[in-house]
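In structure tokens, the next block holds one chain alone, the form predicted on its own.
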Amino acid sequence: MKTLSNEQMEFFRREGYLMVPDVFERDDLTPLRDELTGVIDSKARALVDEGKLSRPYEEEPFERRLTRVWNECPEIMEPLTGKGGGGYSGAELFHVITHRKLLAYIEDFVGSEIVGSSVYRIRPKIPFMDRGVVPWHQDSGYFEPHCDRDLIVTVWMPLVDATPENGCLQVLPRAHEGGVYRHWTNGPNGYLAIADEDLPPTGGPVTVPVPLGGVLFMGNCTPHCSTPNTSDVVRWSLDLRYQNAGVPNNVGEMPEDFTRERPTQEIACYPPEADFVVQSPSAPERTVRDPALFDQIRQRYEHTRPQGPQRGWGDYGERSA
């Protein structure tokens, strides 16, 4: 298995991000692309039967089919992004999250005891879709403040070549060293946002294209944003998160049992969604190896969601520059 060089680790520590272009072979991701095609096909045909869609657009390739359906019926997104919860949790997504090629890199960042940190997303960015543009933020802005000093690694990986034209990410190098900056709720497109006046002074943003098979690794304090898709293809991507098992998590906890009446170190970094053990040499029986179990764990939190972090961020519309 490939692992990170000393130079790559030093770059990540210094800059707050690292793009590795060849974590996967392109064919490694074909099963997930095929599985998502099946989800779209099933939903599209159901929408045709319900009279909401003129045709299923089965002749369109993976990179364009979702756009054609979505332009007629935005309801096509529901099985992919959910209705407020984690969204899609199919078997091939699980196989990517737990893929040995990826975990070999994750182990370099967080050690051998690895927890899949609760937020794992499929993100299809339709061309010119406003909500596909995500403002500047840090992942820690969404997490519990007692986790600010812990490393939670974000894995951002496209299922197509991610380019400046179709909406790859931008990062602010070295800004992670300043801790968590002020965020605002209800920012552009409804997201949590760091306002321009709150961004740290740096040498400016870096645009990070990522080829299919590549991964952009970021720390939870690395400011980043998602740029517009001005192309004619869907910018499909995943964002996954990993942490050492010693970082607060909710592994094995039922959502209805959550309470804040406990020591902070026992409160997961993001309580509304489920963490699970990805790798544990010390207790291999705790490792989740069955995609059906992954889906079951995920769905528990789809219907009962503990209260999220309360960081006291103000409203974006009420700020004064």
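Don't overthink the numbering: it's just position in the shown sequence, from 1. Computed from a prediction, not measured in an experiment: that's the story for all the values here.
What follows is about the form predicted together with a small molecule, which we do not show.
Scanning Cys221, Ile106, Val215, Leu169 against the small molecule in the model of the complex with a 4.5 Å heavy atom cut-off leaves one residue, Leu169. Only one segment in the set 118 to 126, 245 to 253, 72 to 80, 198 to 206 has residues whose heavy atoms sit within 4.5 Å of the small molecule in the model of the complex; it is 118 to 126. The small molecule in the model of the complex is not approached by Phe94, whose heavy atoms all lie more than 4.5 angstroms from it. Taking the partner from the other structure, the small molecule in the model of the complex has no heavy atom within 4.5 Å of any heavy atom of Gly187. Residue contact check for Glu144: none of its heavy atoms lie within 4.5 Å of the small molecule in the model of the complex.
Contact between Asn229 and the small molecule in the model of the complex is not found at the 4.5 Å heavy atom cutoff.
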